[in-house]
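Single chain ahead, by itself, as structure tokens, in the form predicted alone.
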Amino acid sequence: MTAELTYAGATIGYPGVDVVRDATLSVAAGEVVGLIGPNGAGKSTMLRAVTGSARVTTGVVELESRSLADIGPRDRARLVGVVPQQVSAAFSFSAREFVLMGRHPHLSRLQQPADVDISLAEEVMARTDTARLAEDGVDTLSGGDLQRLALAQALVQQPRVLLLDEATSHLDLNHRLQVLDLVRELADSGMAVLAVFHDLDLAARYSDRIAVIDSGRLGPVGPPAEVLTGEMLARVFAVRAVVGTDPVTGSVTVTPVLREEAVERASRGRVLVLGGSGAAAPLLRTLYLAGYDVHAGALNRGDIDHAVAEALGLGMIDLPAFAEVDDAAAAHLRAVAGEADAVVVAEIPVGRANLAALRAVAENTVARRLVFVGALGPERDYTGGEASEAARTAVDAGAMIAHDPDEAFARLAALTRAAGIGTSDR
């Protein structure tokens, strides 16, 4: 593919300060490149280098293989359309007049828009769902309407390159998807798009490649599935997250679990959580946030509890998808339970695959440190009653039943305090 926009070792900034250093990136005709990173990392500055609002001090930025230094403002405006974060509406132009301003680079100094220009304006206003606003004053419109008019104004320029600086931030869900579907359509028809995203799910859904910028340095660049990893999210955003796949679109999804700064660092005790089928995910997060040393038990790959435990960096017995808890795993689990200050069994279904795990943590030697979330009745017992019997035996030996995860957390806190660890509930 032909590179319409290229950064080659570019250092970009403003008088007296370099914001982005030694950036190398290309955006080809026919692709959307999503630019992501923390606030203040330099995303908008990358875009401003193309418009001339930021200076390129070393290296080069090129449009269609021509250095920006060799392209005048008028020609640049014909090549590049921009949708900024904030759209100014200081004067009471009509929406149609506002959009037609995008034709100025194609008109002589005093030339009035011709029929072809007006037709183009009407076409892009229809595509951006702004035709109904044609006679309205832009100073009377909502931020969302203004944002879509800014896109219409950029498109009426007929640019080769489109820059979007968080262009959907003011839009409702319907119009956000409408705009991004249109941007995707434009890219598929040959336009080069560089778009700043804060919403990582949308970045993954609409971008061919994602580029990460952090502290003024361009980092990984590649397909969303390669770039959006738990390791990158922890390093760049200081967030632990579960990275998965949307079952409908097939695109990468990012579910933040917690911020690094939110974790209480002092250990409040060792807790083993027996989970599965996603039943333990909220409790794993709560306990980890509260400062407990958490072991997530025996979990199958592909289970949401496994993904959360992996995101949090918790110890666990890693089982293949759909594998049963075998003798070795049960022995390991029994050893972990024996060393834990408290053990909790989440509100999980129990079948033949995980019955050995339940039995490993329900033994008399563990029972007085054991909390069940909810009674294990027939509705969750797929073992013909063996699981329920194991739970009843544990309760008879001193195990507790909590009605919900909040009560379970309180009982676990009491158990770890009794062990001489931790100082207060949260």
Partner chain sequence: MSPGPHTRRRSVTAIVALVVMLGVAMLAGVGLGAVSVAPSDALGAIGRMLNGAAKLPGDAVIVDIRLPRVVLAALVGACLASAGVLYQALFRNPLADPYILGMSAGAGLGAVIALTLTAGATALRFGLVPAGAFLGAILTIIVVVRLASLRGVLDVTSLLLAGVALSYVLAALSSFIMVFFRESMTSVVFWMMGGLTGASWPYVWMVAPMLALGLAVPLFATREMNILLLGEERAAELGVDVERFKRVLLAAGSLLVAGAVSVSGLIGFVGLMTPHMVRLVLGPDHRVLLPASAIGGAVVMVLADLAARTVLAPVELPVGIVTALVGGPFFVWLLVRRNGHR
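This is a predicted model, so every value here is computed, not measured. Positions refer to the first chain, counted from 1.
What follows is about the form predicted together with the partner chain, which we do not show.
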Identify, from the list 206, 288, 98, 197, the residue with a heavy atom within 4.5 Å of the partner chain in the model of the complex. 98
Just one of 216, 349, 113, 137 has a heavy atom within 4.5 angstroms of the partner chain in the model of the complex, so which one? 113
Since the chain is shown here on its own, which stretch among 351-359, 76-84, 236-244, 303-311 would lie within 4.5 Å of the partner chain in the model of the complex, judged by heavy atoms? 76-84
Given that the partner chain is not shown alongside this chain, does residue 230 nevertheless sit within 4.5 Å of it in the model of the complex, heavy atom to heavy atom? no
Can you check whether residue 133 is within 4.5 Å of the partner chain in the model of the complex, heavy atom basis? no
Classify residue 118 as contacting or not contacting the partner chain in the model of the complex by the rule of any non-hydrogen atom within 4.5 angstroms, answering yes or no. yes
Would residue 53 sit within 4.5 Å of the partner chain in the model of the complex, counting heavy atoms only? yes
The partner chain in the model of the complex - contacting residues of 119-155, heavy atom within 4.5 Å: 139, 150, 153, 154
